[in-house]
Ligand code: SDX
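For reference, the chain that follows is the form predicted alone, supplied as structure tokens.
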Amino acid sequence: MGTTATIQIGDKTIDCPVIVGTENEVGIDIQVLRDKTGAVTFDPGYGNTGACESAVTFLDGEQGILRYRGYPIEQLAGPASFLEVSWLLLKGELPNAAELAAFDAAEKAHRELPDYAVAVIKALPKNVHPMAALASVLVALTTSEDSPKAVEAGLAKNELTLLAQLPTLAAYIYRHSQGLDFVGPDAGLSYAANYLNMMFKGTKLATTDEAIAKALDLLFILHADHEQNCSTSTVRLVGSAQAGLSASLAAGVTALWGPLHGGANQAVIEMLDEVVAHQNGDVGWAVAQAKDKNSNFRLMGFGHRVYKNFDPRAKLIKVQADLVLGKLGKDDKQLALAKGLEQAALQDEYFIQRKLYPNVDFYSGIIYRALGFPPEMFTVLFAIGRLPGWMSHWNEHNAGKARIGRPRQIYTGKNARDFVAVDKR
């Protein structure tokens, strides 16, 4: 492969450097394209645009590979804890025993929300969407944001505090919506178990089963980062304007809120409910409707913008779905339907040819609902997991001499025309 790529536009020719990543990903550096030719590239949705260089996550959609800082997701999800993975993403290496112990203790010590943040939650309408509430309070937290140079237990204090407080924030938002008293954090519980306790203590959904908490911890790991997706790109773009960390994260939350991004697992549950309610869970009907171009039915949770193979996270989540429902003693019609749809799709040429494999959203919603989370909280859970990835990318972007994000466009509006004033007499 050459070290340059030649682009010719009319009578102008330029040589652009070819960049090769550590996994042999190839990119063409076109930074001088507009200056030297007056042209820009046209790539709606940025599907073929590399907006940055990053050392955080490697993703190969063709091969179904996902690695955090070089570690395969299959090796991290289960043996490692979410806090270990958070440290890995933020620091670049796994923590040693002493670092992890200090990090764990510091996280537990910072779980309480400041009084004003609690007051903001209580002032919100009870019917506000949890993601709107989450973004609002994150913006409010900028008032107590520490200096980026402040360090505690080996991490930037801002990062440590946000990791510790986001589950508390999420739990308080939920309990406020239900008219329940807040349950404060418990330093004697693990990260995920503490969150479940703050969410459901005193209700019929309360659980102290460590296997259930471990399953939720694993889901946080699987959501921790996913390269340059919509919300991560948003965090980097907002951060490129030198907006603060909390403000940039609030922007990421609002991007994640969309049903085509973080809200997809809620859409899966709604689809499964529809089939169970109207077709008694008929797998054949659902598959036939999904293949019918004239049908309004969509088989949610299949296919992915990046993966053209089986989403490696989906394989891991499927195991957890069986574990969680078995532990809770639930015979879930939606889970049975989901398994039937998966098997039918994997054996049907229509789906095989189009590489429509189950993605991470397909099973995660079933687990969340089995635990008692209402669908509107699913995306909040996604945000808790994605937090260390967002912060890692914000740090990476702002550590160098990155320029402010400023995409170009192809203008398709009116040509120059003269203003004619209206006779106002």
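We call the rigid core the largest set of C-alpha positions that still match within 1.5 Å between the two forms. Because the structure is predicted, anything quoted here is derived from the model rather than measured. The first residue of the sequence shown is number 1, and the count goes up from there.
This protein has a second form, the form predicted in complex with the named molecule, left out of what is shown; the following refers to that one.
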Item checked: 111, 121 and 182 each touching the named molecule in the predicted complex (heavy atom, 4.5 Å) -> no
Checklist line | Selected contact from 325, 337, 139, 299, since only one has a non-hydrogen atom within 4.5 angstroms of the named molecule in the predicted complex | finding: 299
Notebook entry, point to check: With a 4.5 Å heavy atom cut-off, would you call residue 262 a contact of the named molecule in the predicted complex?
Noted result: yes
Next item on the list: Mark residue 290 yes when one of its heavy atoms lies within 4.5 Å of a heavy atom of the named molecule in the predicted complex, and no otherwise.
Entry: yes
Notebook entry, point to check: Wondering, does residue 393 line up within 4.5 Å of the named molecule in the predicted complex on heavy atoms?
Noted result: no
Next item on the list: Verify the contact flag for residue 95: yes if a non-hydrogen atom of it lies within 4.5 Å of a non-hydrogen atom of the named molecule in the predicted complex, no if not.
Entry: no
Notebook entry, point to check: Counting only heavy atoms and a 4.5 Å cutoff, which of 173-181, 211-219, 252-260, 273-281 contacts the named molecule in the predicted complex?
Noted result: 252-260
Checklist line | Heavy atom within 4.5 Å of the named molecule in the predicted complex - qualifying residues of 25-52 | finding: none
Notebook entry, point to check: Hey, does residue 93 budge by 2 Å or more at the Cα between this form and the one not shown once the core is superposed?
Noted result: no
Item checked: Post core alignment: residue 291 C-alpha displaced by 2 Å or more between this form and the one not shown -> yes
